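Take a look at this single chain in C-alpha cells; it is the form predicted on its own.
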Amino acid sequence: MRTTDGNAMKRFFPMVLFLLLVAAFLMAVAVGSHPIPLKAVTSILLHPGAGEWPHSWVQILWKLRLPRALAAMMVGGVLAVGGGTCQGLFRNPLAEPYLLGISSGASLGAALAIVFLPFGAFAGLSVIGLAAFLGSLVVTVTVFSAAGRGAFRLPATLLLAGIAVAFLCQSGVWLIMALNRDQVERITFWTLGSLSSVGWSGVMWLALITAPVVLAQMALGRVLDVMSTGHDGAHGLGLDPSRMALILLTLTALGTAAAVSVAGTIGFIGLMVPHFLRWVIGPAHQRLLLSSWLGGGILLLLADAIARTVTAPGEIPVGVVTALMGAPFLLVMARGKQQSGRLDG
C-alpha cells in the first residue's frame, strides 16, 4: 500500500506543482510597491478591456508585472531543467549549468557591451543582453574545445575546463571594472541578476529559445536515464554516449545563455530545484525535468517578488535572494551527505 501511495504521489506531483505555479504567478503580479487586489488582477487578465478598474492598475499589470512574471517563470524553469540535466549527466548533485562557465561568459560579454557599445536593441533584445548571449555561446564552445574529445567520457574534465574558463572570464570582468570605475555599479547590478528591465520583447526572446530547448530536454528524459548509468553503461545499452552528452549539454548551454542574457546571473536555482525534486519524486528524468521546470518557475517568481517588495519602492537584485536561499540549502545538503558518508549523490 505504501508503494502504491508513493507512486500515486509521484504521478500527481507535477499537477500539484502546476497549481502552485499558477498561485505564485498571480501573487507575483499582485504584490509590489503598488499592490493590486487579486480580484482585480484576475478580472484585468480575463477581461482586459472592461474598464472596471483604475487605468494605472491596468498599465502596471500589462506593461510591468505581467512580462516580468512570465520572464521569471521561464528563466527559473530553464535553469532548473538545465540543472537536472547536468546532475543526471555528470552524476553529481552539485552540477549545474553555471559550472560550464556560461554565466561568466555572459558577464564578460555584458561588461564589454556596457563599456564599449551604444545602448539600443536588436531583434527584441538589448545590446547588453545580446552581447551576454553571444558571450555565453563563445565560452561554451571554448570549454568544449578545451576539454577535448574525451570530455564526455570523463565529465570531470569538462567541469574543470568550465571552471578554468569561468575564472578567466571573471578576471576579465574585474579588469574592465577596475579600468572603468564609472560603470562599476551598472556592471555589478547586472551580474547579480535582475528582472527589472524585462519587457515583452524579452519575454518573446525567452519563449523563442527556451520553449524548444526545454521540450527537447524533456523528450530526451529516457535517454538521460540511460546516460546517468555512466559512459560504459550507456554504450552497452546501444547509445552513443558522447554524441548524446554533446546534444544535452548544447541544449543546456543554449537555454542558460538565453536566461542569462535577459536576467543576468541568477545562481542556485539549477542546483536546488532538481536536487530537491529528485529526493521527492525519484530519478526518472522525464517526470523530474517537467517538475523542475514548474519548480524553478515557482522559486524564481517568489524570489523576484521578495526582491521588489522587501525594500519597496526600491529593489534588490534577485540573484542575492536566490543566493540567500541557496547557501542554507547547501549547508543542509552537506550535513546530510556527511551523515550518509557520501558526497556523490
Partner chain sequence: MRRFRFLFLVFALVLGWTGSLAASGQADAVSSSSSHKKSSKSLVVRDFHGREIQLDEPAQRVVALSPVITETVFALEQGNSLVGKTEYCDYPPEAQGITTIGSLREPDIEAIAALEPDLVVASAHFSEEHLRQLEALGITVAVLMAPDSLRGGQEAVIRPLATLLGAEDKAKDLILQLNQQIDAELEKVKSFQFQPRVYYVVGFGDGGDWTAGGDTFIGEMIELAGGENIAQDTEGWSFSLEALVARDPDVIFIPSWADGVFQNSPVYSDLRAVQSGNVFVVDENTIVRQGPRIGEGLASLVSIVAQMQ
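Everything numeric in this text was worked out from a predicted model, so none of it was measured. Positions refer to the first chain, counted from 1.
There is also a form predicted in complex with its partner chain; it is not shown, and the following applies to it.
With the partner omitted here, the residue from S126, T265, T140, T210 that has a non-hydrogen atom within 4.5 angstroms of its partner chain in the predicted bound form is S126. Among A40, V320, I60, A284, the residue placing a heavy atom within 4.5 Å of its partner chain in the predicted bound form is I60. Contact between S228 and its partner chain in the predicted bound form is not found at the 4.5 Å heavy atom cutoff.
Using a 4.5 Å cutoff between non-hydrogen atoms, R65 counts as a contact of its partner chain in the predicted bound form. Contact annotation: H34 falls within 4.5 Å of its partner chain in the predicted bound form, judged by heavy atom distances. In the predicted bound form, its partner chain sits within 4.5 Å of a heavy atom of R181. Partner contact region in the predicted bound form: 188 to 196, out of 220 to 228, 164 to 172, 97 to 105, 188 to 196, criterion any non-hydrogen atom within 4.5 Å of its partner chain. Contact with its partner chain in the predicted bound form, defined as a heavy atom within 4.5 Å, is made by all three of S56, R308 and P313.
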